[in-house]
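Just so you know, structure 1 and structure 2 below are the same protein chain in two forms, each on its own as structure tokens.
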Structure 1
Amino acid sequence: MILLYDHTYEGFLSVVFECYRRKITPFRILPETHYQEALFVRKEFIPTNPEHAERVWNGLTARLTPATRHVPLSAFLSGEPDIEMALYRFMRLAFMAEQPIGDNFADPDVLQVRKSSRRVMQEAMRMVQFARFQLTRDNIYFAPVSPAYDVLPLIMQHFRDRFADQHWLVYDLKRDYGYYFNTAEVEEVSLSQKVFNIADGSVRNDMLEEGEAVYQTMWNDYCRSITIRERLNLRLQKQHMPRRYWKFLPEKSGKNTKYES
């Protein structure tokens, strides 16, 4: 049997709950949008149940060490093929084991889940480092990103703590959704009308705050002034700051790249 869910983490945990409640072992667990019809295969959609999801999550975290409690969610956000089944087997092992299994790298499912989690957490850290905000006319700081993985849920608390007194919107261009903070709470949003370039997230000039262009110019001048051309190492630079992020960085875009070479 193939069990389908709504592509949310709560939905996936609801599937795990149903597997235990009904004592079934699925052939696959898939987001509903990823399923392709096949002959001789039973399928069933499991609706999201927040109460069931919470019970699974509480039971799982109680069996993991504090250092590994982030692993299931971050691995899930990788969206990698069949990560759901690897996570399902990871959770079954965690529930059966007498000791925490997060560091049992001899188990192939634990190893796969930990590797996926590490890749996602690395990407989340890069988003925190490389996000660049543009101030709009309505006094909202807008940061476009396009991460390899769906990491926004992991980094929102950082921005909320760091910019607690400002209105901001961090928007994932690849997945077409983001989080808006109004100095009181964070809410998930999806913009139907876009006043920014969908390729690099640059806001239209008529929508930018009057002094924003001046600040970007000052920032570019500063970056050029501190660059020591004789010590440039582009290979190392690309290793720590992959080129796919450059389009979002004012100091690395278009005409502002004189200090690269």
Structure 2
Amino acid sequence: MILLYDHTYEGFLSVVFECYRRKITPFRILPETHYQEALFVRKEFIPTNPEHAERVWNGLTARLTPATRHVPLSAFLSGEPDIEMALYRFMRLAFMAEQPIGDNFADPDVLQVRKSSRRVMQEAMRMVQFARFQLTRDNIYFAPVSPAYDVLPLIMQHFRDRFADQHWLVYDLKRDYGYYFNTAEVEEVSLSQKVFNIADGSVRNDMLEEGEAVYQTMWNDYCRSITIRERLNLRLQKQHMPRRYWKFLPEKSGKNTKYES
């Protein structure tokens, strides 16, 4: 049987709950949007049930060590094809085994889940590293990003702790939603009217606070000044800071030439 769900994490956990309750062994678990009609396989849509999701979640959490608790969610956020089945088997194993299985790298499902999780966590880390805020006229620090996976939920707490006294907006251009922080609460937002370029998040100069361009230029020049020309190693630079992040970096995008001194 193919089980379909709404492509949210809660939806997926609800599917797992149903499997246990009705003793179904699914053949595949798919987001409904990814489903293509097949003739001879039975399918069923499982609606999201927050209560069920919560129960699976709590049971699972209790069976994982603190260091591996983030694994199921981050692996899920990878959105990789068939991550659902690997996760499903991962969970079954977790529920069956006597000790926490998160570190059992010899098991192919655990390994696959851990690897997906790692890729997602790495992308989350890259957002923490490479998100760049620009100060707008209305005093909001704005960071456009375009992560490969849907990682914003994983990093909000970090920005919230760090930039606790400033208004900021981190916006995922690819998924068209973001988080706005008003120095008290983080709010999920989706902007219908955009005052920025939806490809690279750049903001018109007159929308930016006066000193903004200067800071970008100074940062750019700073990065140049500390480079040791005798040791150029562009490959290494790209390896640590892949090209796809560059358009958001003042030190790389070259868009800060607007500031003339």
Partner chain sequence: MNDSVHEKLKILADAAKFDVSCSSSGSSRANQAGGIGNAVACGICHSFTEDGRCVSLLKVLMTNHCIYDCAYCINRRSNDRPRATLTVQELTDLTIGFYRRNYIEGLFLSSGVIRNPDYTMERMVLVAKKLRLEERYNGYIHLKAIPGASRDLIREAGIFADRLSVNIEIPTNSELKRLAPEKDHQEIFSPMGFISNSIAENKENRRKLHRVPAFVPAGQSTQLIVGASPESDRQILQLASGLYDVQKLKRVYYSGYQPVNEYDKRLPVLQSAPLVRENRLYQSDWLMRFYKYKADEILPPDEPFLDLEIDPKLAWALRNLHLFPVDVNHADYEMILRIPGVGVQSAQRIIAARKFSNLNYGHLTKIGVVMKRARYFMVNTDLRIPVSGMLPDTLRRQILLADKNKKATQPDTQLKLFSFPEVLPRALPESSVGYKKTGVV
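Counting starts at 1 and follows the sequence of structure 1. Note that the coordinates shown come from a computational prediction; the quantities given were computed from them, not determined experimentally. Rigid core: the largest C-alpha set superposing within 1.5 Å between the two forms.
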property	result
Selected structure - criterion: the form predicted alone	1
Yes/no, residue 67 Cα shift of 2 Å or more between structure 1 and structure 2 with rigid core fixed	no
Core-superposed comparison between structure 1 and structure 2, residue 200 Cα displacement 2 Å or beyond	no
Exceeds or equals 2 Å, Cα of residue 225 between structure 1 and structure 2, core fit	yes
